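Okay, here we've got a single chain as structure tokens, the form predicted alone, with questions on binding and movement later.
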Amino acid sequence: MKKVFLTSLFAAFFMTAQIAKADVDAKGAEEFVHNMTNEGIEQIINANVSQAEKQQRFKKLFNEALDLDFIGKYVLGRYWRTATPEQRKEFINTYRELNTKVWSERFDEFKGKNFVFKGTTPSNSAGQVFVNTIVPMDQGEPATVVWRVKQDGNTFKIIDIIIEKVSLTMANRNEYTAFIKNNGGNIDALIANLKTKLK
């Protein structure tokens, strides 16, 4: 009887795990990233406009395509729980401005290039999937760009960009939490530091 119970319990756990992995529309996520890169990033990168204008276009694109609230909670780690509502809002706004600047410049490396889609990879997190792309370069191997996509109902949002195996959110999380720790848990010190980088 005990053996039957354990077998049933294992089967139920396995089915739950499979459902958790299958609850995201991988094809829809890939199409979402494809539309964003095709109609957004590539047009922004290749547009004959000033860097300031590119940053404004990237800001609009990032606000629409990225779940910055989700990312902000993640990169602040345990400090998100101790942050005041005002600190959270200020951090998200500053984080958005800084990443718009950094990534509009970083993606400029792909000027004149196209993203080639290489399918998706399941995530261990429910409602998430990795969309794999490469960007053929003039010299050397193609650059790998992986997009971590979260689905909520019929809505898709990017929650991480991984270029050449370097995760945007993980790099930020390691940097920011270490900075706060080294400054006595002062979240305002981090916000001030990010604003300095913006200048």
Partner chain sequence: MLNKLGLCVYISAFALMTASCSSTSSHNESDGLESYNRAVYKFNNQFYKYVMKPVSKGYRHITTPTAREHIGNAFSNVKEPIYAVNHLLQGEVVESGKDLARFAVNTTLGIAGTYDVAGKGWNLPKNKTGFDDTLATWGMPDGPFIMLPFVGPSTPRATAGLVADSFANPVYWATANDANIHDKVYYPYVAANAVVVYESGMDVLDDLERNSVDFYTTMKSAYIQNRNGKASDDTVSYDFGMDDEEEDY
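Here, rigid core means the biggest group of C-alpha atoms that superpose within 1.5 Å across both forms. Positions refer to the first chain, counted from 1. This structure is a prediction, so every number in the text was calculated from the model and none was measured.
Beyond what is shown, the protein has a form predicted in complex with its partner chain; the following relates to that form.
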Heavy atom within 4.5 Å of its partner chain in the model of the complex: which of Thr94, Gln87, Ser123, Thr100 fits that? Just give me the one.
Ser123
Checking Leu66, Met36, Ile44, Ile163 against its partner chain in the model of the complex, the residue with a non-hydrogen atom inside 4.5 angstroms turns out to be Ile163
Does the trio Lys113, Leu168 and Asn174 actually contact its partner chain in the model of the complex, every residue with a heavy atom within 4.5 Å?
yes
Do Phe130 and its partner chain share at least one heavy atom pair within 4.5 Å in the model of the complex?
yes
Do Trp80 and its partner chain come within 4.5 Å of each other in the model of the complex, heavy atoms counted?
yes
Indicate whether Leu190 is a 4.5 Å heavy atom neighbour of its partner chain in the model of the complex.
yes
Would Arg106 count as a contact of its partner chain in the model of the complex, using a 4.5 angstroms cut-off between non-hydrogen atoms?
yes
Within 4.5 angstroms, counting heavy atoms, which one of the listed stretches 23 to 31, 36 to 44, 57 to 65, 141 to 149 is next to its partner chain in the model of the complex?
141 to 149
For a quick check, can you give me the residues of 64 to 78 that have a heavy atom within 4.5 Å of its partner chain in the model of the complex?
Phe70, Lys73, Tyr74, Gly77, Arg78
Displaced residue check between the shown form and the other one: Phe32, CA, 2 Å or over, core reference:
no
Has the Cα of Val102 moved 2 Å or more between the shown form and the other one, judged after a core fit?
yes
Any CA movement of 2 Å or more for Phe58 between the shown form and the other one, core superposed?
yes
